[in-house]
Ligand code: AMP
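Coming up is one lone chain in structure tokens, specifically the form predicted alone.
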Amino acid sequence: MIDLHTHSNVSDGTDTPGELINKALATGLTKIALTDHDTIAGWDEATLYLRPGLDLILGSEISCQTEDGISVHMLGLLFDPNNKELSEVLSTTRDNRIGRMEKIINRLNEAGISITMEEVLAQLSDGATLGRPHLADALVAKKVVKDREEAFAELLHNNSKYYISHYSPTPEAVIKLIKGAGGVAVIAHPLASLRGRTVSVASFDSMVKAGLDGIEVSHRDHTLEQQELLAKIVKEFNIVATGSSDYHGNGKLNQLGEFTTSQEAFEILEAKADARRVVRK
């Protein structure tokens, strides 16, 4: 089983990279991609915990935004971690998350919801990428909401009056950066409408022209109809369909391996990278 989209507490998951690898081994996965938001900081620890039978695909879920303000997440896989241009964009995006969080907190405070930046930062592990799930955890700790799910449903979703967008390059720019770093680009959960506005079907054309290698078709947040539509788009553009859990530990209901990618599909993706970067023991 191959799961190409997971998170650790280096971003907004709840498992350490090592715990994630141990759970992947126990689940029976054969390949797992670590794709924390806008960072590669968990790669070294995850590699240390590898055991024979489980391969590690190194990656990152990179924040993007279309020109009309729609949030997009792009999975960059198998890229060179030393690529300067991509590293600089990841760093800029992480830094911008701090100012964005302060603005969201101000809006919550103005509405009478008491929460501070210090309380949010207390939810991060050392060096983790800041995100709304950490604000959700702070709200849970203060008993404003019962869990992350309620926090996002009531306060932190993309259409909320408290939502603030953040600096992100366009999907096309990120795809080109990933390809320039020798990796492959797969758009994550592109039609997950419960998260907010989604990209139009027409927008896939420009992304494919920029070098998009695949679409995450099978995902918990896609309906059967959305999966069928995405499968048609994959076939039309002759790119790769993937399936992934988007696992976050205790932070979401998603379970490791609940959606997977076929070995054949992964081999096509791996062949598109400029080097063999799968890590195995």
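Because the structure is a prediction, the values reported are computed rather than measured. Heads up: residue numbers just count along the shown sequence, starting at 1.
Keep in mind the form predicted together with adenosine monophosphate (AMP) is missing from the figure; the text below concerns it.
The putative spot formed by 31, 220 and 257 is not touched by adenosine monophosphate (AMP) in the predicted complex; no residue has a non-hydrogen atom within 4.5 angstroms of it. When you look in the predicted complex, the only residue of 107, 94, 195, 176 with a non-hydrogen atom within 4.5 Å of adenosine monophosphate (AMP) is 195. Of the residues 102, 205, 88, 149, just one reaches adenosine monophosphate (AMP) in the predicted complex with a heavy atom at 4.5 Å or closer; this is 149. With the partner left out here, adenosine monophosphate (AMP) still marks one of 80-88, 110-118, 129-137, 206-214 in the predicted complex; by a 4.5 Å heavy atom cut-off that stretch is 129-137. At least one heavy atom of residue 12 is located within 4.5 Å of adenosine monophosphate (AMP) in the predicted complex. In the predicted complex, adenosine monophosphate (AMP) lies farther than 4.5 Å from every heavy atom of residue 249.
In the predicted complex, adenosine monophosphate (AMP) lies within 4.5 angstroms of a heavy atom of only one residue of 16-48, namely 37.
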